[in-house]
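Next up: just one chain, as structure tokens, the form predicted alone.
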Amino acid sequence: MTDYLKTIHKSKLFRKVPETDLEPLLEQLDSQLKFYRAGQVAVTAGRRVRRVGLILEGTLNMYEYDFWGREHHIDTLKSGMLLLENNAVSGTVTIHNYTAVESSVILWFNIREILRLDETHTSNTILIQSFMKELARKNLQLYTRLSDLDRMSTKEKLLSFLSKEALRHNSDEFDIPFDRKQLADYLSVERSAMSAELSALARAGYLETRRNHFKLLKPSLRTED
């Protein structure tokens, strides 16, 4: 654990905790470090979750499998991100599998211990506040995605997503955090259909794009077909 204290302290969850309090706090949370090789399943669907994971190194893919074993990629989680926080808080069974894309290190800690922390201690209060902020951020991200997925056509899903990205960047020109395959997975559309729709939107004057870089054009500047 000692070798990873600096990495843990740099995370959003623990960065405001005084360094001198970090190790005792991790012990109080019954924290465990676990190492995963590329391709190894870190979490299997059907498991009742009690611990939250903080990815210290590496990347994990989040998958869902249906009754017939068909695989659907849900998300990619990178270093510094939490996993299973909602399941751990609610004590519910996870319906997703998490697989290491590369050699990965996860810090697992007991969520029930966070809820029992003495709030009169400054470090405990800082951790509780940071955890609540991260929960709120992740839930807001989920609601935003649901808003995009609620659109009926691939075109409307793309325009909804890109409009929100423009707002988030406060600019009509920005980079998105996905490549084409990841964006298609995120919007739950076929990659080929999405690529064709992006080309059509570019021809119609809605946008300019190159790889993950986009420039949105205002309605007054669009050239209609």
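All values reported here derive from a predicted model rather than from experimental measurement. Whichever C-alpha set is largest while still superposing within 1.5 Å between the two forms counts as the rigid core. In this text, residue numbers run from 1 along the sequence as written.
FYI, the form predicted together with the DNA isn't displayed, but the following is about it.
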Honest question, do Glu190, Ala196 and Arg211 all end up within 4.5 Å of the DNA in the model of the complex by heavy atom distance? yes
Residue among Asn110, Ser79, Ser123, Thr154 with a heavy atom within 4.5 Å of the DNA in the model of the complex: Thr154
Heavy atom within 4.5 Å of the DNA in the model of the complex, from candidates Glu27, Glu64, Asp175, Asp179, belongs to Asp179
Mind telling me which stretch in 196 to 204, 162 to 170, 40 to 48, 27 to 35 gets its heavy atoms within 4.5 Å of the DNA in the model of the complex? 196 to 204
My question is whether Ala202 is one of the residues whose C-alpha shifts by 2 Å or more between this form and the one not shown, given a fit on the rigid core. yes
Take the rigid core as the frame of reference and indicate whether the C-alpha of Thr59 shifts by 2 Å or more between this form and the one not shown. no
Using a superposition on the rigid core, decide whether the Cα position of His96 changes by 2 angstroms or more between this form and the one not shown. no
